[in-house]
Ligand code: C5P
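There is one chain below, alone, in structure tokens, taken in the form predicted on its own.
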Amino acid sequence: MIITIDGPAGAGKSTVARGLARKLGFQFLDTGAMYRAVALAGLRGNIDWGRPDDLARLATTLNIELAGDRIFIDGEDVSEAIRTQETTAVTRYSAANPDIRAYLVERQREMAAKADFVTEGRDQGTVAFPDAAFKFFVTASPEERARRRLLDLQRQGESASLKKVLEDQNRRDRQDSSRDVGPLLKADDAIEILTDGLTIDEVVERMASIVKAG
């Protein structure tokens, strides 16, 4: 069974997806981390962002592995490195690249064919798994999402202001929603959940109840 969770940055979908996967005994697929991994590799390789074909070629050479909450590039754990502000700022170059998206969506489908998965991202219910058994669209108010992102950055030892985080988030929302390939969209048959004022456990319980009710 495939359960998809889509939504904008900072909505809490990754944390919720992990929690739902644990509760149901499913595996978790963090597709956003895959695009971040490609962007990180591009940074390290001094890729010219104006040459998308070069980044696409680089993507196909990477051995990207997901293991629970961790992500590896060629055996190196890059779980923290892909979450920095520097990597976040350039992830749009991999996420908006049609060749990279086609390549990674195929990889995602290969992984999900082997077991029951909760998969999260921007286009899981619309592009990657349009026939998923259950689809959720998790969102929150812009201010709440920015506050959560700021807390994440502070936990990683990075300095930022709420104003700057909100500005970056709004810009990313526009980019995610307007790109030609894999844009951020709510699938017509997705169940929308607003997470403002809800704990992670409450959101997970709500989703699990829907799944169990069939």
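Each residue number is its position in the shown sequence, starting from 1. Nothing here was measured: the structure is a model prediction, and the numbers come from that model.
One more form of this protein exists, namely the form predicted in complex with the named molecule; it is left out here, but the text below deals with it.
S.K.: Answer yes if any heavy atom of residue 95 is within 4.5 Å of a heavy atom of the named molecule in the model of the complex; otherwise answer no.
M.R.: Taking the distances in the model of the complex, the answer for residue 95 is yes, it comes within 4.5 Å of the named molecule.
S.K.: Any chance residue 52 has a heavy atom within 4.5 Å of the named molecule in the model of the complex?
M.R.: Contact with the named molecule, no.
S.K.: Please tell me whether any heavy atom belonging to residue 57 falls inside 4.5 Å of a heavy atom of the named molecule, as the geometry stands in the model of the complex.
M.R.: No.
S.K.: Taking any heavy atom pair closer than or equal to 4.5 Å as contact, tell me whether residue 186 reaches the named molecule in the model of the complex.
M.R.: Residue 186 lies outside the contact set for the named molecule.
S.K.: With the partner removed from view, which of 42-50, 29-37, 66-74, 157-165 is the stretch that lies within 4.5 Å of the named molecule in the model of the complex, judged by heavy atom distances?
M.R.: That would be 29-37.
S.K.: Going through 107-126 from first to last, which residues have a non-hydrogen atom within 4.5 Å of the named molecule in the model of the complex?
M.R.: Residues within 4.5 Å: 120, 121, 122, 123, 124.
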